[in-house]
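Take a look at this single chain in structure tokens; it is the form predicted alone.
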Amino acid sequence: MEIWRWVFIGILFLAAFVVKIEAFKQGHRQSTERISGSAGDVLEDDPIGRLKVFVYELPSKYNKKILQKDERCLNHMFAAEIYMHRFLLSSPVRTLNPEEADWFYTPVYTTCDLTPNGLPLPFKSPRMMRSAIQLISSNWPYWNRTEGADHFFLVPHDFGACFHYQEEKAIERGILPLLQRATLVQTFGQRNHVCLKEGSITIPPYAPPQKMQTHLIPEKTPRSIFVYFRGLFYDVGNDPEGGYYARGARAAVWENFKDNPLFDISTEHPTTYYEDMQRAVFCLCPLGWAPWSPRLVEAVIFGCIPVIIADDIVLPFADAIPWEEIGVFVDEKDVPNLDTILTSIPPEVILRKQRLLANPSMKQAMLFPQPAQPGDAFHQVLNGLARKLPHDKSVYLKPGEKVLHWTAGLVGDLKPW
């Protein structure tokens, strides 16, 4: 009887919801909406002409040869480090004269060491990064002027420059000591966390633009799914006792809503995954081992309102994208009330979020397309770097002055790479 009660409630709700939405549409033209205020202005900033970047030419063992060994690196969610390198090589902001550079970039592919299942192994990353820094500090004078304060690095690991996929281990490691003064461009973002230092630029994970483009369906397709999610609820292999993975939030989603007809949730990943997101009103974006995932990008691209379940998350380009206006934030402890929270949102609020999500500039900012396009994630990174200029005079060290400790860190990280 319980399941039929839920079905009846679901039918009644969906009917009422559709009626309210359609009625509201009659008086409000469904269209895109420009992002108002400073966020919209920042999103549409053009970084060209506002900064110059010098790209170090490193031996190919730090980047191209690693990619040649495993081209899967081009398609996984950590691939921003590869595409950012390619973008900068042909970007108008690149300068071949390091003396006029505002920023210095070191192209090291630290996530391109994959298991057979395609997951990056971070164990060599600290040694690889140390080796690259030793090389640039020995062959060029620019690192030593600031000990990296005018350098930026792409570190798209689960927990950024802490270089570990398990949070406890990442916290124990901390950010690689030699990167303490550099600007880190990373997917990981969580307030008051040792793996996110002040001044970092949080970026979206890589999601393949061309692949998503091929799965677009007509814009007027009805959104007949209320809540959608595909993914793990438990990670028995790495968290056999349960409760640690996703801090229990995903397990709570399954345990509370697996039989709720408003929730289309499953561990299965259908071939219609992208199409299904375009038929959904809300897409759950819960934390996993890390607070971020490509679902956030996919939800924005497909106009599905992201329901962000990750306490203290720092979202990509938060100064340019009004996440509070386009998404719904649910505290991890409130997951059991998720149905009440979402069904209580007025239709006019839902429609405004959908109009904002339909704004092309919003979608563009979440992607790393090939070739690059104005306003895309590459340009948002450059905007973030440009807003940090000019560098404060205090970052420049006196001749012979040292701030960083080259022998700090774990013993294993000090071994040659």
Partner chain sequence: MKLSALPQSYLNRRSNSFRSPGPLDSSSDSAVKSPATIFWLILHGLCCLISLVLGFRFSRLVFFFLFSTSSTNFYTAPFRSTAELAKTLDVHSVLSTKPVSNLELPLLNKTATNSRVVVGRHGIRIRPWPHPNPIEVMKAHKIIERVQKEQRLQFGVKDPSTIIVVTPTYVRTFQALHLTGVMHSLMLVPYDVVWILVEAGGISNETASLIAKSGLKTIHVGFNQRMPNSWDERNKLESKMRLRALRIVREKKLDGIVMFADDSNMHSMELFDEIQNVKWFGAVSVGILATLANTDESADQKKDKEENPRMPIQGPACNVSNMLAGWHTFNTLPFAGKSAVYIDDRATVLPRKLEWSGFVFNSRLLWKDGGDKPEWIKDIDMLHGDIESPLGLVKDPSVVEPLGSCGRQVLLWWLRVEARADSKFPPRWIIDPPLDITVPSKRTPWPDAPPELPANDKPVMGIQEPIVKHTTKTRTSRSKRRSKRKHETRTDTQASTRHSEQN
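Here the structure is a predicted model, which means the values were calculated and not measured. Residue numbers count along the first chain shown, from 1.
The protein also exists as the form predicted in complex with the partner chain; that form is not presented, and the subsequent description refers to it.
Does Asp339 make contact with the partner chain in the model of the complex, using a 4.5 Å heavy atom cut-off?
Yes.
Is there a heavy atom of Asn359 no more than 4.5 Å from a heavy atom of the partner chain in the model of the complex?
Close contact is absent here: in the model of the complex, Asn359 is far from the partner chain, nothing within 4.5 Å, heavy atoms only.
So, in the model of the complex, is Asn63 in contact with the partner chain at a 4.5 angstroms heavy atom limit?
Output for Asn63 is no: heavy atoms all beyond 4.5 Å of the partner chain.
Flag Tyr244 as yes or no: does it have a non-hydrogen atom within 4.5 angstroms of any non-hydrogen atom of the partner chain in the model of the complex?
Output for Tyr244 is yes: heavy atoms within 4.5 Å of the partner chain.
For this chain shown on its own, do His85, Ser138 and Pro177 all sit within 4.5 Å of the partner chain in the model of the complex, going by heavy atoms?
No, the whole trio is out of contact, none within 4.5 Å by any heavy atom.
Which of 178-186, 90-98, 67-75, 226-234 sits within 4.5 Å of the partner chain in the model of the complex, heavy atom basis
One stretch meets the cut-off, namely 226-234.
Candidate from Glu81, Asp276, Asp150, Glu167 lying within 4.5 Å of the partner chain in the model of the complex - any heavy atom
Flagged contact: Glu167.
Just to confirm, with a 4.5 Å cut-off on non-hydrogen atoms, which of Ile171, Ala318, Leu216, Ile265 contacts the partner chain in the model of the complex?
Checking each option against the partner chain in the model of the complex, the one that comes within 4.5 Å is Ile171.
Can you tell me which residues in 243-271 come within 4.5 angstroms of the partner chain in the model of the complex, by heavy atoms?
Going through 243-271 in order - heavy atoms within 4.5 Å of the partner chain in the model of the complex - the hits are Gly243, Tyr244, Tyr245, Arg247, Gly248, Arg250, Ala251, Ala252, Glu255, Asn256, Phe257, Asp259, Asn260, Pro261, Leu262, His269.
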